[in-house]
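Quick heads-up: the structure tokens below are two forms of one chain, split into structure 1 and structure 2.
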Structure 1
């Protein structure tokens, strides 16, 4: 070992070039919380199961101080687990090579410093934040599904799948769909899988079964069509006990040449459980996880897609991802953002026929990351509900409230002069400030707001862009 590499065997820590590397060589001795106090982790071992468990413990942890730490393998001989290979940052063949991984460690730690972490409102948002943060620090643009024998859905998205028990792994597909809907990913089609409708597992035993009793125990023989006399029957009708030749039981002629004397148009199956004879099997898929026996048409079809991080996704990693649209759409007193846009379209059309004045308004939290990072997810939901209650109590029941994001609230103020709408919104902002100051004494919130008069010459989308432009 090089002289400038210091190994503390008692603590299993290596010091080099101002970095500390936690050396892990035994599963029982691993205290995952200890990972956060070191620059990187080096796993020593040749057993795939041991390495897999160590990597899962680190990457599956909830703290970014742990799951984002650089991880390397020492003496990684022929490691063939594709999921582990996607979750490590490199391999060493001796500790003398530590100098070679220092630039990678420094790069990852520097990228991690760019990130601002929040307490996301929902579990789905937490998982999405974890994925995009890992991709950002590791400079990964694409989240590729890998065929994986240990996955309940037969494919794994390593940094996401590592957070789930096998029986819950189908949730990774739901989370990635949500992330794409939020604009954090683009995706392309890769494959299609079929899951058990009962437990969502993709581990199936496919069997051809009797349509009468469902048994897979059957025999099969060809059906013979004799051209000269048009007799059709199973192969056993044409066999005799004297030789292996075929004789027609109807006309007693010998069948010599297939395609000339006869053909085999189909097959006949006989169930050995109930003696039922049939030509077409039913195909069933028995789930190896929950034992539910399903007709193949009952299986749940899901797409496996490759996901690419968008610029919005990269910014969400840096600024902190708080919530999905699903989280904020569930708040009582609001409508879905898509619904708001549709209603705005109708209001614009109405204004073309009248001389009235209508407005749309926006209230924007300028420092959402600082606010949400100090709250738990339940407190965040309470805060958003309280904000809506204050706004709702100060506008008319006919006015509409929606969340464009967890930091921007959009509302309508129809049939009211724009100057009055601005005054009302200003008063609402002061009420919101007092609410937060009273409820959360250690949190300083910054609000921005905007009001614009509806113009029947502009589309709903252009109105929204104009309204929120100052907040971008």
Structure 2
């Protein structure tokens, strides 16, 4: 062992080059919370199950101080678990090699410092944030699905799947779909899986069964067509008890040569359970998790896709990802952003015919990361609901409110002079500040706002761009 490596056997800690490495060699003594006090983790062991469990507990933790920590393996043989391989940052074959991993530890810790963690509104947002932060620190561009025997859906996205119990693993697909809709990922098709409609498990036993009773207990016999007399029947019709020859039961002639005087145009299956004779099996998939027997047509088909982090995804990792569009769409009193854009388009069209003045306004939280990082998801939802409630009570019912993002609220103020719209908006901002000061005492919120008059020569998209330009 190199002279400058200090091993504290009692604490299982290695000090080297200014970094503290937590050495884990047993599951019983592991306190996963302890990981956050060290620069990296080294897992020592050759038992795949043991290593898998340790890695799952670290990467599956909720705290970025734990799940983003560099993790290395110290072992004598190559590990074959593909999921674990994707979740670790490197392998050591002896502690003497520790200096080789130092640059990697340094890089990951530096990248981690770039990140600004927020408390996401929903579980989905929380998981998305975790995935993109991990990908950012590990400098991974693509989230590849790996075929994995321990996965309930047969494919695992390691950093995401590790957060779920087997029975909930199908949720990883929903979460990645949401992340793609938010523009954080691009995806390409990889494969298709079929899940049990009852429990969403992908572990199935596929069997050919009787179309009448569903039993898989059947026998198969060739059907023989005797050319000279056109008799058609199963092989057993032609066999006799004396020898191995085949004789036609219709014309008593001996079958001589396949293709010359007879052929076998098809097969006949007979169910041993119900005696039903048939040609085509039904294919059924028995779920190995919940035992439900499904026709293959009933299985739920899902696409397995490979996801690549976009620039927006990278920025979301750095700035924190608070909520998905779905989260904010659920807030009562608002319309979907797409709906808002459509209605804006109609308003612009209407203005071409009239002399009226209409406006759109935006209210922007200038420091969302600071705010959301101090709040739990429920409190965040309460904050957004309160903001909407105040705005709604100060504008007319015909005006509409929408979230462009979790930090930007857009509203319409139609048939009202811009000057008055600005005054109303500034009053709303004051009321919002007072609300937050009384309700959330420790939080300081900064607002920016903007009002623009609708110009019938511009498109809705240009209006929105103009409106939110100052905020970005």
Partner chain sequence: MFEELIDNYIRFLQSLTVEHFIRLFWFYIFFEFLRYFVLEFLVLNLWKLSKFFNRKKYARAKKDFMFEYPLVSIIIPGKNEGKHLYKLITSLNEQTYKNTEVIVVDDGSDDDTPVIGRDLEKAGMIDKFIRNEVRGGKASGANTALRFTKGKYIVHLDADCSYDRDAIEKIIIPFYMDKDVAGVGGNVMVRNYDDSLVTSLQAIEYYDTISIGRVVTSHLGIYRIISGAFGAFRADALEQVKGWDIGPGLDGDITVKLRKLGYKIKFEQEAVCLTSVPNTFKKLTHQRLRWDKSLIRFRVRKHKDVLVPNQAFNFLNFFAFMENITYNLVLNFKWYIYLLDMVANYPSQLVNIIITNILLYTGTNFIKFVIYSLYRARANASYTYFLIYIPCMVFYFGYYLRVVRTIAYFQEFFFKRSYKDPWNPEKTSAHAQRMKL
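Predicted model only: the values in this text are computed from it and were never measured. Residue numbers count along the first chain shown, from 1. By rigid core we mean the largest C-alpha set that fits within 1.5 Å across both forms.
Two forms of the same chain appear here; which of them is the form predicted in complex with its partner chain?
Answer is structure 2, the other one does not fit.
When each C-alpha goes to the rigid part whose fit suits it best, do residue 256 and residue 388 end up together between structure 1 and structure 2?
Same part, no.
Using C-alpha superpositions, by what angle in degrees does the smaller rigid part rotate between structure 1 and structure 2?
When the larger parts are aligned, the smaller part is off by a rotation of 7 degrees.
After superposing on the rigid core, how many Å does the CA of residue 261 move between structure 1 and structure 2?
The alpha-carbon displacement, core-superposed, is 2.9 Å.
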